[in-house]
Ligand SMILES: Cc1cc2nc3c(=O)[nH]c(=O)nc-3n(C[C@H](O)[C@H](O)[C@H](O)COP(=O)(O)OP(=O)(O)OC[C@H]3O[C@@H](n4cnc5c(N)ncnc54)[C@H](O)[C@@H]3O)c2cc1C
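Okay, so here's just one chain, in structure tokens, the form predicted on its own.
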Amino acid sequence: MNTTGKFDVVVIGGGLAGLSFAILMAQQQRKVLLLEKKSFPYHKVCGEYISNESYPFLIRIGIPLESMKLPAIKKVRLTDHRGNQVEEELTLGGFGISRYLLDQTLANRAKEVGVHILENTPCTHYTKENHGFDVYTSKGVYTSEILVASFGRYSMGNFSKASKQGVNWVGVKYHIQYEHVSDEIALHTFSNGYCGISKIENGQSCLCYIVKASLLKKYKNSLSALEENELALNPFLKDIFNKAVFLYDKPCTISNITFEPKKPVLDGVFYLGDSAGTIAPLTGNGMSNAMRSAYLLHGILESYFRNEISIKEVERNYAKQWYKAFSIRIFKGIWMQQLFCTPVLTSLFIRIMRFAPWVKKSIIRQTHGKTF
């Protein structure tokens, strides 16, 4: 078999985790190949809010956040279908940025530091060999000592998949022009789903919702019917859909979302971000969590490349650190998702939070991590 190229690390998937990890490894003078099935930039379903826990990390890898004039987000608001609401200050705060802009900025930075990026190059499968991995793609076979999967929720070939199939969800995202408070992220709940809105660059807003697939099926998969008959029952969402200027010809969507944990390491392959386990949006910071997983793996692998630990120790250490950082968040996310997708429970919880401020602060602490 003729291979197309040999690398220290091959990364599959050019999302936040994959690009961040590739930059980190290239900054340590490793030879890195990143495979992306599409071409940069493109829109992805995402809440597009990043906690400031990631701010120092992004600066450190060379992303010029200070000069990008991004909206600062300092508080969160939760509403129910009756219009009841509760607000709270965000301890760390965050900022808004579209995936379209952030992914392109990260990809440009990756090229600057020497990452070899192949766009429009789907990966089909891999084989594990004595020399490492042979990675099969539409453009040939690439060999690497380390193989990292960061392709998101969907798996392919012989890569790891969720051990069981949970409830299926559908994600929908719009970019809109709409007048609202610029320094808050609002979560508007409805039966079997919830919708977030927050500012991003250029005065635009990201409007992104997630809904149980079974509810969308009730409306014969018509998003407009779903939005008119379910989302609009929340008066805040009704106002948004009536007054906003929608900037897409059609919404960006993703289906078959599940929140079942996978494995951070399997068959010697390391998994980052949603490839290792999807965290429910209500526990927030999916973007930060993706980058944090890249940060964790990079630090451990550097010890390996300096011949300080074995590859088996890398696997054990990464799995241990991944579970410590994310397993509780996944569990709490599933629990909170059920709570806030049930109108009666959401209304009750909002009343509790009004009279028990410590509950609000506790929830926020659980959804935001420390800087890294």
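From 1 onward, residues are counted along the sequence shown. All figures in this text were calculated on a predicted structure; none of them were measured in a lab.
There is also a form predicted together with the ligand; it is not shown, and the following applies to it.
With a cut-off of 4.5 Å between heavy atoms, is residue 46 one of the residues that contacts the ligand in the model of the complex? Yes, contact at 4.5 Å.
So, in the model of the complex, is residue 248 in contact with the ligand at a 4.5 angstroms heavy atom limit? It does not: once the ligand is placed as it appears in the model of the complex, residue 248 has no heavy atom within 4.5 Å of it.
Consider residue 254 of the chain shown here, and say whether it contacts the ligand in the model of the complex, taking contact as heavy atoms within 4.5 Å. Heavy-atom contact with the ligand at 4.5 Å: present for residue 254.
Heavy atom of residue 209 within 4.5 Å of the ligand in the model of the complex: Flag for residue 209 set to yes.
Please pick out the stretch from 232 to 240, 149 to 157, 294 to 302, 213 to 221 that is in contact with the ligand in the model of the complex, where contact means heavy atoms within 4.5 Å. Result for this chain: 149 to 157.
Quick one: of 71, 193, 264, 286, which gets a non-hydrogen atom within 4.5 angstroms of the ligand in the model of the complex? Selected residue: 286.
Report the residue, out of 200, 269, 290, 76, that has at least one non-hydrogen atom within 4.5 angstroms of the ligand in the model of the complex. In short, 290.
Going by heavy atoms, what in 13 to 44 lies within 4.5 angstroms of the ligand in the model of the complex? Residues within 4.5 Å: 13, 14, 15, 16, 17, 18, 35, 36, 37, 38, 42, 44.
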